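For reference, the chain that follows is the form predicted on its own, supplied as C-alpha cells.
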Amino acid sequence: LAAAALWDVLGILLGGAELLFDGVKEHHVTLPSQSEPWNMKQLLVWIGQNLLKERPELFVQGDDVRPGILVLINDADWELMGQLDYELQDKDNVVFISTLHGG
C-alpha cells in the first residue's frame, strides 16, 4: 500500500465553538501523511492535540464530539456520512456548530 497523501481540510467553528480555539473561526489545516486514510475520529484527536486551546470537555466527550455540537461535512450532516468512520477527502470542509449557549 502506498502512503496516504496529505489532506488539506478546512475546519469552521460557529455558534460559540470558536471560543475554545482562541476565537478563531476558520482553520485551514494540512494533516500529516499516514498509512491509512484519515477519518473523523482521528481528526477529532488531532484537533484536540493541535488546535483546541481550552476546556476540551465542551468540545469532545470521549472519542466523539459533545452532544449539542452539530457536525457538517461538505454541508451535509455527518450522521449521513458515517460520523466518526467517515474517511476524509482532500479539500473537505468540516463545520462544527455549537448549539449550547449560556443563559
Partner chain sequence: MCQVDEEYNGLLESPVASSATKKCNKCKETTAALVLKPGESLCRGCFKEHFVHKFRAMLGKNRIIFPGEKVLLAVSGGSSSCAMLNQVQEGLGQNAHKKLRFKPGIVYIDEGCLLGQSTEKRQKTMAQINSLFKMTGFPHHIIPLEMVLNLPPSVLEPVHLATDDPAGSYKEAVDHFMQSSPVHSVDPRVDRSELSALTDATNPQLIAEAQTQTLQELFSRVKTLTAKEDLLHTLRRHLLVSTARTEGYSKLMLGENCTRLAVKLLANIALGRGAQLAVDTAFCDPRYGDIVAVKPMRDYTAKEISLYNYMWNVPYVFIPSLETKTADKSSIQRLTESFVVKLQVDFPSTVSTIYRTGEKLQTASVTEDIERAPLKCLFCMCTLDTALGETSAFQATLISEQLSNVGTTPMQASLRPDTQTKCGAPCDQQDGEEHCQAQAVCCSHKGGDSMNLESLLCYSCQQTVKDMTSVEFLPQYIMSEAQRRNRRSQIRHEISEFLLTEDGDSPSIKADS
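Positions refer to the first chain, counted from 1. None of the values given here were measured: they were computed from a predicted structure.
The form predicted together with its partner chain is left out here; the points below concern that form.
At 4.5 Å by heavy atoms, is each residue in 55, 61 and 76 next to its partner chain in the predicted bound form?
Looking in the predicted bound form, the three residues 55, 61 and 76 all sit within 4.5 Å of its partner chain (heavy atoms).
What is the one choice in 44, 51, 72, 31 with a heavy atom within 4.5 Å of its partner chain in the predicted bound form?
By the 4.5 Å criterion, the partner-contacting residue is 72.
Contact between residue 80 and its partner chain in the predicted bound form at 4.5 Å, heavy atoms?
Contact check for residue 80: yes, within 4.5 Å of its partner chain in the predicted bound form.
Does any heavy atom of residue 27 come within 4.5 Å of a heavy atom of its partner chain in the predicted bound form?
The answer is no: residue 27 has no heavy atom within 4.5 Å of its partner chain.
Does its partner chain get within 4.5 angstroms of any non-hydrogen atom of residue 92 in the predicted bound form?
Contact with its partner chain, no.
Classify residue 11 as contacting or not contacting its partner chain in the predicted bound form by the rule of any non-hydrogen atom within 4.5 angstroms, answering yes or no.
It does not: once its partner chain is placed as it appears in the predicted bound form, residue 11 has no heavy atom within 4.5 Å of it.
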